[in-house]
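In what follows, one protein chain appears twice in different forms, each by itself as structure tokens: structure 1 and structure 2.
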Structure 1
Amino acid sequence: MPSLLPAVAEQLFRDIQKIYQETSQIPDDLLIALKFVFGPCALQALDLVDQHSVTCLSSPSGRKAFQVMGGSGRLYTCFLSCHYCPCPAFAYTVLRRNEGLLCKHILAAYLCQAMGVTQQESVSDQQMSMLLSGTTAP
């Protein structure tokens, strides 16, 4: 699968991963870079990371997906290999207006992966299918 993020964003996540492993902190210069690349949703995503809002779900088949708890308490199921989130901001800012790369939920998932702070949870294969298809109410 070709890269879905600009090279600068990928490098930023690699830098965050390296420095967080060493210091358990994200320095100011990387935070500024995050805001520069991703705009207003950067700070909102960092809030979600602080609240441990991102869970990696896995099922016996090996299928995985991310589940992110939004600010309102809603759960959003996002994919690993390409960008999609059922939230209104993704539909409007990313798809309709093409003004943002990601929504805060997808960005929070990337950050949690880089920082190694994603929660883990197991679900059954059938539950995974329902989550992926959006037939389960959040």
Structure 2
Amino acid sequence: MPSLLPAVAEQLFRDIQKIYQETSQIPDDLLIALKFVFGPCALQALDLVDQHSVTCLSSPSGRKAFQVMGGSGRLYTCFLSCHYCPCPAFAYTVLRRNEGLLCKHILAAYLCQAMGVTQQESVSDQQMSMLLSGTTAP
């Protein structure tokens, strides 16, 4: 599946992954690049990463969804495959005003994956179907 992110963002995540694996830190130059590419939500996303707020739900059929506990305490189910988050910031800033690439929840999921710090949880295919349909959360 082709990436939906600009090449510069993809490269930034690859650089973070490589350096974080070696040093367990993100250097200042990459933090500045994150802020430049993603704007104000970069710092908020890093805060969510620090708080271990991202969980990857995966089912036996290979479907994945990310649940991110927002700063307000609300749980958002995000889909990286189509860059969707149900949060108000995504609807307003990303979709309506086209002022950002991602919301802080989706960015936090990408960062957790790059850093290898995503919490993992297995769910059944039925639970994933219910999650995708919005009828219940696992």
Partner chain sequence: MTDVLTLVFRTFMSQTDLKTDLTASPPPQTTCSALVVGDHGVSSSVLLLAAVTAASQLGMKVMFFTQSQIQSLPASVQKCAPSLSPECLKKIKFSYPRTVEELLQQIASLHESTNTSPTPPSLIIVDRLESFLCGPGGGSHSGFHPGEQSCAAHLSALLCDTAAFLTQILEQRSTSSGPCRVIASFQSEVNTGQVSAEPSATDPILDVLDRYFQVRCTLDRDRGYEAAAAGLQQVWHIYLSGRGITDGSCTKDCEDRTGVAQEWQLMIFPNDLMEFKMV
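Think of the rigid core as the biggest set of C-alphas that the two forms share within 1.5 Å after superposition. None of the values given here were measured: they were computed from a predicted structure. Numbering runs along the sequence of structure 1, starting at 1.
Between the two displayed forms of this chain, it is structure 1 that matches the form predicted in complex with its partner chain. The Cα position of Q126 differs by 2 Å or more between structures 1 and 2 after fitting on the rigid core.
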